[in-house]
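Okay, so here's just one chain, in structure tokens, the form predicted on its own.
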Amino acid sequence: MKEKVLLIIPAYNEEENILRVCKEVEEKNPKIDYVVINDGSKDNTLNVLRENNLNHINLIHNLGIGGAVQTGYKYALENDYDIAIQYDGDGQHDVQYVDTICKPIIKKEADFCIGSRYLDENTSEFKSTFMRRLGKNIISFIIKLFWHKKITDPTSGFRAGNRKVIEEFASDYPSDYPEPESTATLLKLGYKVTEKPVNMRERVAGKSFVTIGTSTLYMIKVSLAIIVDSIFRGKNKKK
């Protein structure tokens, strides 16, 4: 891969995972760069990053996943990366699939590629809970209804974008429900979005903040956000 590629790794209270995640990247795909965005963690994440000389940006205040990821896109833009990949800091993503989601971008077949655990049921060992799958199905339906594109894993945090997408997201990136909203935005603006099957794993350590209650509320809120944005802003093709 000749392209200059960056992994954007947002991390909030990932002291038990972040070193293992970064070391896996360094060992299994040493040709790509990474930057950890420490999103105002309250645990020992920052010390782990400093003590192990892991490339990172420290946010003094917690900005949430949207603000942390946008910081990474700004870093990618300022340092002239060709492809930026959002990559979770909890160990759920498999770095061996980086080439898979970069391939459509390198071949100019897409501007943005989402790593999906549902596109090929045999690829991923982890599919999430029933409620989260129900939620993603509803969000997928809404996206297809308005933008005529089937996205099987709209909440996936394993996503690659080309230089134009980097510029777009460095300038403006949703803060509330960043993964599905940003995908809908790209489709609205006329970018080519595709998916590739990837493996995802269960979190090894730490605790997810997603519960049945929060998952249901998230589904409702993100669905409304996409609907409102689609109806009131309409289509606005990129130039």
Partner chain sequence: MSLTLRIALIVITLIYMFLILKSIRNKKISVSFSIFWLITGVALIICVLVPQMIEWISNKLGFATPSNMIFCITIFMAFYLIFNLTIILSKENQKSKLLVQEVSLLKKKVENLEEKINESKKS
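Positions refer to the first chain, counted from 1. Values in this document were obtained by computation on a predicted structure and should not be read as measured data.
Keep in mind the form predicted together with the partner chain is missing from the figure; the text below concerns it.
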| item | value |
| --- | --- |
| In the predicted bound form, segment of 181-189, 50-58, 25-33, 194-202 with a heavy atom within 4.5 Å of the partner chain | 50-58 |
| Check all three, Leu63, Gly67 and Glu78, heavy atom within 4.5 Å of the partner chain in the predicted bound form | yes |
| The single option of Thr155, Thr71, Asn162, Ser116 touching the partner chain in the predicted bound form, heavy atom within 4.5 Å | Thr71 |
| Touches the partner chain in the predicted bound form: Tyr173 (any heavy atom, 4.5 Å) | yes |
